[in-house]
Ligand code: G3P
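Given next, in structure tokens, is a single chain: the form predicted alone.
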Amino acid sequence: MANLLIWAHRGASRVAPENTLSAFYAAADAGADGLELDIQLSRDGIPVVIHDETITRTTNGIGRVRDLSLRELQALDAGSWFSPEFAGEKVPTLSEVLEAFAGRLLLNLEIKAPRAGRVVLDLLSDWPQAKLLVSSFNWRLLAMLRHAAPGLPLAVLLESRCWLRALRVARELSAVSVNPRCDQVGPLLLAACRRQGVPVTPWVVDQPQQLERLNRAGVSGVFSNDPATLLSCRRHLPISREMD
């Protein structure tokens, strides 16, 4: 079996509503190596798992996550927008996800709200068995986390073509990975990361052809909305790759 990791992007979000316990359980059942989830803070300072700053796209409510209490957030329906099958699905807390999956799967916590950094660190101290890393597009937040928690695995998220700067930040923070958008992954980025010994984990990869190409290029893993399909493909991939 190829040794690249398959991360379930917001859970198995191709078959269940993103960032919900149903999506995370579906990813676990499919055999995903890890879960990627997004962290915002409720009005009362509780880390909740939702991607957007607002609740409009993925719940039956309207407004900003930070303006709603945990009780108000968890009264929302976070599943019907995806399918009637998931009616009544709740916005989970980070604690609920850790309760279900800490020590079971790798966890990639993407912190969306900068003010959530300290709160997440405090919460993680209660879960020493969790195998996780923290990622963010906010590199200042990552620097703060590195200062506060020298041993915490960090990953530098990248959406633009400014990969030289991202690689420099990754080296400064001793990050475990640079995670670029998949269409930004090219020979120059891969060669530079290989020279610096920094793994590359692109997002979002849903097609077997993409996985085959990226595996040959030497990425360490991928984030996918459809982990079941890519896991099936991974069984046929060679282990030896360019970055090994």
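Treat the numbers as computed from the prediction; the structure is a model and nothing was measured. The numbering used is simple: start at 1 and walk along the sequence shown.
Quick note: we don't show the form predicted in complex with this ligand, though the next part is all about it.
- When this ligand is considered in the predicted bound form, residue 38 lines it closely, a heavy atom lying within 4.5 Å.
- Residue contact with this ligand in the predicted bound form: residue 90 places no heavy atom within 4.5 Å of it.
- Contact check for residue 86: no non-hydrogen atom falls within 4.5 Å of this ligand in the predicted bound form.
- Interface residue remark: residue 137 is counted as part of the site for this ligand in the predicted bound form, having a heavy atom within 4.5 Å.
- Only one of 194, 66, 216, 51 lies close to this ligand in the predicted bound form, with a heavy atom inside 4.5 Å, and it is 51.
- A heavy atom within 4.5 Å of this ligand in the predicted bound form is found for one listed residue only; from 154, 157, 102, 169, this is 157.
- Comment: 30 to 38 is the region of 30 to 38, 185 to 193, 58 to 66, 205 to 213 lying near this ligand in the predicted bound form, near meaning a non-hydrogen atom within 4.5 Å.
- Residues of 106 to 121 that come within 4.5 Å of this ligand in the predicted bound form, judged by any heavy atom, are 110, 112 in sequence order.
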